[in-house]
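Here you'll find one protein chain in two forms, each presented separately as structure tokens under the names structure 1 and structure 2.
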Structure 1
Amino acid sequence: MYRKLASLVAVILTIAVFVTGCGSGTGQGKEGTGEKPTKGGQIVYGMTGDPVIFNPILATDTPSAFINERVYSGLVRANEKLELIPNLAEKWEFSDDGLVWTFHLKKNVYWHDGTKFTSADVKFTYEAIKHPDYTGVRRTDFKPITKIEAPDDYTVKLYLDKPYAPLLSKLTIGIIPKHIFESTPIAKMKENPANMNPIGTGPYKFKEWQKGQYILLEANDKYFEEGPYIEKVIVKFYQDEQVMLAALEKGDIDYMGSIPADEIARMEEKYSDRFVFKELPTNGYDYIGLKQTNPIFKDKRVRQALMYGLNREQIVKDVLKGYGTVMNANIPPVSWAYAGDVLNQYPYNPEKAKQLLEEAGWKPGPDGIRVKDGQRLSFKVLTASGNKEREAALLIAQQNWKEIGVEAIPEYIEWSVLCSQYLDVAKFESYLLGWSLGLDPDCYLFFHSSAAVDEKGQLVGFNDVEFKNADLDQLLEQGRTEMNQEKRKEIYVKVQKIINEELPYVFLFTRNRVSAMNKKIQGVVWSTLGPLFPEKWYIKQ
């Protein structure tokens, strides 16, 4: 699975092999033929993990985000060119100094229960995120906002303490209904029943959830924009990718966001008449997060040894069948801020890895696993069950590291349990997952010291590995306030150099996903974020 920065989704996790696709920026359908969309029918998706919570300001996983993106709406969203366009907001402007942003809201928007949507809902959502008792991970995204005003029902004003370049990309996050959540203390928002039976303004209404089996969404006939044309959205759950692939072949599902790499050629040859196959590099990467407070990982030489001691090219070649690129830092090649070859490439070099471990004081033990001060160089690597590619990558890592005297113990955990009991509470030694990123290279939420665990023991952002570096903090702060893109790129190249040197993660790869969409689904717009604008899709009659 992938974790997802849902506040950047129009952004956003693929966790997901099933909801994030690849492809060109062209629509799937008949262009210039005069064919008009028709209402009716259903689309069936496959997933390998149950959602965790249907609340966009609390969710951190892709299955939840997939549902939230259809049930809720944000002020803005992304198009296929990765431009931010109006959603709940019809237009906006900002002051010359960049410190006051004014959003004008659409007037024909209703919540799924019939209540009128107003600026009070936007104000409530953003203030909930900024509240001291907020238990989610997005407070730092809204930290530069000092005041939120709703002068009338259709105007929202955001006041900032300094210019904030990524602001608009943060406002893709879904707005939640004030009239449903205002009676619940912010500290107890996760306990509100609406988290499991959501009410939004999006194109689809939540209808039913049979855990482990399926989720049913139905078209919102009062949606404020075009569509939705497809009447029902069904999400079916499968134990792993192979079972889901079999369901795709059988015709039980219409869309699979990532075909297993070793099945791509066969699927394209056998089913070109049934499916549209799309391939594009994804805006994300897989990695192994290393808990920086763990004594084993505190020494940078150990972290670097793990990079040198892992044959990542083999993983791309054998596991991804070449559908990917080795990563050496946190910004992938699809981003304008990508640092490229200026980074240390960490080629596979077991002897270099052994040398670093020796320098760090780790000596071979009687069973071949290195020992220092009576402690074995052994740790657990958690990952979500059901992802065969990740399991294969982890087995390669386990074997490679064993050869340099490191014991990595894989542990496969059901996705919702992995999130709630380990990742969201930052309790682990290491884990293998992936990030599906947003539109802006801002990575404050992942690596700034303030986005780690606070004095209460609560994870404040996505910095669950608790990486802290003063120089990096300063650069991340500068990156948020610099409005010139070329100067921002210089900042983020420096960011990548520090992360490439310090290695809070063992970086693995960014993959090319090949998605399959049933040809009966028309009107699809593809991008590196996956297939967009589901409300405009329709079933070919």
Structure 2
Amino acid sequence: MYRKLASLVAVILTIAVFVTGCGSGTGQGKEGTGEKPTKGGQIVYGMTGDPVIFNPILATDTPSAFINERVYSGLVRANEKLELIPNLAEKWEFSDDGLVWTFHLKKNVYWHDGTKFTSADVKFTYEAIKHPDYTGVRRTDFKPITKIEAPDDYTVKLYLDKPYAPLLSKLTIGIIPKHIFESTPIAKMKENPANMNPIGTGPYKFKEWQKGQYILLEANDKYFEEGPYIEKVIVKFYQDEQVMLAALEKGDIDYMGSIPADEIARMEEKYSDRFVFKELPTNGYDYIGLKQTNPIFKDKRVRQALMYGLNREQIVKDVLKGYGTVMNANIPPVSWAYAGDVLNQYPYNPEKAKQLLEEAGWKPGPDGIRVKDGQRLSFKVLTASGNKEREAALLIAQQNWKEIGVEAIPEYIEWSVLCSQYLDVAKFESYLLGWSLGLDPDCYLFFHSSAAVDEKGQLVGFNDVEFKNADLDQLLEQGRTEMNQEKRKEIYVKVQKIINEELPYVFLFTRNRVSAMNKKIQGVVWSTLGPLFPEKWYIKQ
């Protein structure tokens, strides 16, 4: 399901971003103020929703991920440039054919209960994900691994059936303790009480959970890297974003990850002495997926006309209040593979759109909607009900397109029904939704022809628009097997060019979120993905 994928990816991202070790994170604070970090104090986070399960291989929701990324560590993690750097693994190497990956683990790592962390834990975690009884959403990530070996306590070898570059970004997933979980059959892993009282290797230890109210974490004194400095982490849970914002204003919480766009200006004006406000681009985008096999969308000129005929700048300005960027292909600016200006920007140009539609044979009909061979240029756009920004964007699109003689009929459908009856069976004319993306630019599952519908009519990957392009297929395959990042970037720029020209989607925008952090918290590294390295933060004396 989309949401699942989205949140799964959010998990990967956040784990990668927040759980930390050394590297580029060190040294801030010191360089800024010349101050030395001191131990003590507390930070209070506000979150909406309730966490579900504190087990990184089972969790799919954002609040759980937020806790997991502080309690657990993965083999690798991402820095503020989305580059993967060591975490539990000290270093790693790939065999020349890319089929054997060897990881050398750090030796000074202990679980929160005092047990030593070894390669057996890594092997256990990855094998659990590959187990047939595993009920989680990470199986696909680990499919290319055929065998996991732990030749000694501090070495892990992964054997792959074919070179698969994106795998490294999946290894940000938190490692779970074998000695806690091995007694539970994998099918019953969810029932292990440690999921509610987790033991990890991360900078913070799980201390207390008042259900529906707050979670208390405490500094792990035996953390394997520098820090943590802040003694207590409290995460408060709210059920309503507006109420949480009110709590921020009252000073009940020190951090809110995403301030509603309409409130940002007022907040910045009123509280700039109390909070640091940071605008951060997110790693995802919203789009309108067009069924490529539909007679209307078959013609590339129609797809391009829909792009030219849509005032996406205005959507960003009015719907997102300017906190966002127009997208022209499938990789957002935060990624190292972003193509940027080399793509056609499709500036708003209704005249050009009309001209393209004329060329494609669509002539204005009696009611202003274009007609060709007796068919009206009219289609349904499905979207999940409840997301105000998407509803607003869709209404603007409907109005814009009407001006070029295209009728879009919005239909708002409950999320699970939208997934099970339309998207998962790939039956629709078009739909408006968004993707949250992983660290890796790999988009094989979205646009490769083999990820579309198989001969039995079953959707294989996420290519529900059934986009098929032989050149693109080849590039996507190369992108997965090429291990060199520079060369991969070249490949993915080509990918974006094809997608920008062929338009499986009408690309809309990527959002920027604005976070607020209490000024007393020092040493925060702001990156495109949020505040990094929480264990190196400290309270200003």
Partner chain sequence: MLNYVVRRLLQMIPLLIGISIINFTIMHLAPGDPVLLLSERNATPEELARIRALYGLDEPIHVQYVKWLGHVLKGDFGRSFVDGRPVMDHILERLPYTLYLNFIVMIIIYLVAIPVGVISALRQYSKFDHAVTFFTFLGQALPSFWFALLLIYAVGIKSNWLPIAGVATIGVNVKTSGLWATILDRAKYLILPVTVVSLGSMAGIARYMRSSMLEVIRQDYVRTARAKGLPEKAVIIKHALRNALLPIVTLLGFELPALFSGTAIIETIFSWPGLGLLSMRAIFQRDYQIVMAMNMIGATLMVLGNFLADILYVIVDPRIKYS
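Quick note, the numbers are simply positions in structure 1, starting from 1. Every value quoted in this text rests on a predicted model; they were computed, and no experiment measured them.
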### Task
Name the structure that is the form predicted alone; the other one isn't.
1
### Rigid-part membership shared by Y422 and L320 between structure 1 and structure 2
yes
### Hinge rotation between structure 1 and structure 2 - smaller rigid part turning relative to the larger, in degrees
35
